[in-house]
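In the form predicted on its own, a lone chain appears below as structure tokens.
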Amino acid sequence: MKTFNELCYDLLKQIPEGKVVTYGDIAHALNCKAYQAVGNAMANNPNLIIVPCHRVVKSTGEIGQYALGVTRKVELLKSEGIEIDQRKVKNLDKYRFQFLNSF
């Protein structure tokens, strides 16, 4: 049986370049309201290359934290075509990914 973190990482692998999700989106896809636990999973991501946790933002569009620093997270998101202004995703709905299935 997979751990909560592993379930979060499985979902993250579904998010394509140029799209983002919120901590709440991940929690809802896992049929829970454990938003902070999702944040903890992102903070403990052992493989930033394969599991793109830089694509997880706050529900307000603010980009939040990142293991390699906020500046790097902004760079990564911009390199994928996501518009960022004042450390916030512009027009979050435009870039928001919708999970097709949940656990």
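Start at 1 and count along the sequence shown; that's the residue number. Just so it is clear, the model here is predicted, and its values are computed rather than measured.
There is another form of the same protein, the form predicted in complex with the DNA; it is not shown, and what comes next is about it.
- Proximity of Y95 to the DNA in the predicted complex: non-hydrogen atoms within 4.5 Å are absent; the residue sits far from the partner.
- At the 4.5 Å threshold, heavy atoms of K78 stay clear of the DNA in the predicted complex, well away from it.
- The DNA is not drawn, but in the predicted complex it has no heavy atom within 4.5 Å of T71.
- In the predicted complex, none of the heavy atoms of A29 sits within 4.5 Å of a heavy atom of the DNA.
- Using a 4.5 Å cut-off on any heavy atom, the residues of 1 to 20 that reach the DNA in the predicted complex are, in sequence order, T3, F4, N5.
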